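Next up, structure tokens for two forms of one chain, structure 1 and then structure 2.
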Structure 1
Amino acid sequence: MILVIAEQKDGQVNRASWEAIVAAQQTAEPVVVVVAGQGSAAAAADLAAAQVTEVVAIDGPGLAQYTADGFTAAYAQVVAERQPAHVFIAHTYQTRDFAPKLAARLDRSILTDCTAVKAGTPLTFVRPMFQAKLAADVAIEGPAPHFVTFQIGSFKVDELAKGSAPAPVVAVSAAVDIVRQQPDAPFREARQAVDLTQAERIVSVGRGIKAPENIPLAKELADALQAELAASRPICDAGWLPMERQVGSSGQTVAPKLYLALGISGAIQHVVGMKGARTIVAINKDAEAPIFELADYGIAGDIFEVVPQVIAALKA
């Protein structure tokens, strides 16, 4: 049996959790879904539409808001009772916060950020290595259950198998004793002045731009294309462009007609924010950069030689 730990916020199931259910369904093992916290009853009712044998909703004192201590204790109880062969979870920020702790608590192995499952006995899992320049097939050893987390976007929600009737929902009250984290309500920083999500064309810069003095070159290209200027995280971390122009898991998620990546290697944290673009162009001097896996058009070359020529060609 595969136990899927689903994530919910105010009763709304996280989209990536549906993907984890799809991953579990595609192994042909029976699937049980568990969801915790305030709102878990509403989320469980939605999750019951999937073709699964059971949905478990956990609530109780200490689980009103997400905390690593509270949710680890609650899930540890369910995993210990159900004895699954695998536990599948979407690799969200919340999962990164509690899942390694949960596996360590139960002294079981956890493999994170997987992108595919390879059939066989035992199952093997595909995951990126070295900033996604390489991929590895990994087998998990030691006693079950084995915990596996899946990168967001690795499975398609529209491949979800739905049941002919809703799956039974079981409500469980968890005994959570000590919660050391005291969370305030989540908040957003001041409203973003730049809405990259609406941009038709985006020119985005990465580490390859090398120095802040070179940003105007990218800006000139953006202007010639009537595009917005954006960047990967390291550029914003360094303060070369404001945080509001960051594309990626910690910035904005964009889907323009054209995404032109300059000196961007294509680390997954960036890719999740832009892979929905219709046409992707990459210019990078490293011909093996993972961004070329994703690009429709690529130029393996020095951006400082190529970009001025592109600007000239656009103006010609």
Structure 2
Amino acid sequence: MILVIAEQKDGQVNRASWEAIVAAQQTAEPVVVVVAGQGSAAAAADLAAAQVTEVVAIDGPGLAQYTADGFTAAYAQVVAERQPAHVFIAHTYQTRDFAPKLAARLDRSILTDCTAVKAGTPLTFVRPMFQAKLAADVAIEGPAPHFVTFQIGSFKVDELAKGSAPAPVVAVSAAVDIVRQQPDAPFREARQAVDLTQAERIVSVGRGIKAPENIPLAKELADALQAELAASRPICDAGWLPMERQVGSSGQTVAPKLYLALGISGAIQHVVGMKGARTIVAINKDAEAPIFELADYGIAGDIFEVVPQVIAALKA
């Protein structure tokens, strides 16, 4: 059995958690989903639409707000009771905080940032190495359960199998004895920061934008598309856009419905962060740019000539 730990906020399921469920469904094993915290009941009702065996909603004292202490204790109880073979989790910022702690508490192995799962006995997981220049097939040894986190964008939410009827939802009250942490300033900052992983449309700029004075042109296009504005690393390193808007191996990994790349060459460090997008559109005056090998649609032209025409067409 595969146990998927889903993430929610105010009753809304994190988009990446649906991807983790898709990964679990591809193993052909029974799937149980667990979600914790205030709002878990509403999130569990949404998760029950997936083709899973059961959804477990955990709430109780100490879980009103996320803390690694509280959520680790709650999840540890469910994992110990259900005894899954594997625990699948989307590799979000929250996962990075609690998952190693959870695996250590249960004295089990954890494999992070995987991009695929191969069915068989045992299950094999694909994990990029050396900035995604190589991919390793990894089979985890040691006693179950094995914890596995999946890179955002590795699985398509559209491939989610839905049940003919809602899965049963079980409400569980967790006994959380000690919570040593209090969510304070860092969590308030996180709420104000840009979470590109949740964006359905992204307009991203690269060196082809030439100067910070030209960023408003990309912003105008993003506004016309109701999209988030993002960038490759050189733009953020130069301070033209904040680091929170960086996409790539050292930034955020995204999987929007539309990714529009403006003046981005397509270096591997950037590609690993956006290759999971459903539709990729590239505009670059270099017709030989590597980004065109990945793009679904490409325009070999000057972005300063093409983008204003696109904006005008959208506004029309």
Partner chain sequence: MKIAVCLKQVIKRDSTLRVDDARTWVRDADAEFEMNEPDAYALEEALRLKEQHGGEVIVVSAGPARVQTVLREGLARGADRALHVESDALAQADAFAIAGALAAAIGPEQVDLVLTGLQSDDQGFAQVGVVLAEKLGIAHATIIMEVKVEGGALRVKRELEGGWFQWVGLPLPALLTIQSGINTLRYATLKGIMAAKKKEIRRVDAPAGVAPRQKIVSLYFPEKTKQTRMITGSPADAARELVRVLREDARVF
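Quick caveat, the model's predicted, so the values are computed rather than measured. Under this definition, the rigid core comprises the largest set of C-alpha atoms superposing within 1.5 Å between the forms. All residue numbers here follow the sequence of structure 1, with the first residue given the number 1.
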Completion exercise
Between structures 1 and 2, the form predicted on its own corresponds to structure 2
Problem - Flag for P84, CA shift 2 Å or larger between structure 1 and structure 2 after aligning core - result: no
Problem - R245 C-alpha shift between structure 1 and structure 2 of 2 Å or more, rigid core reference - result: yes
Exercise for the section: Could you tell me whether the Cα atom of A49 shifts by at least 2 Å between structure 1 and structure 2 after core superposition? Expected result: no
Exercise for the section: After aligning on the rigid core, report the distance the C-alpha of I291 travels between structure 1 and structure 2, in angstrom. Expected result: 7.9
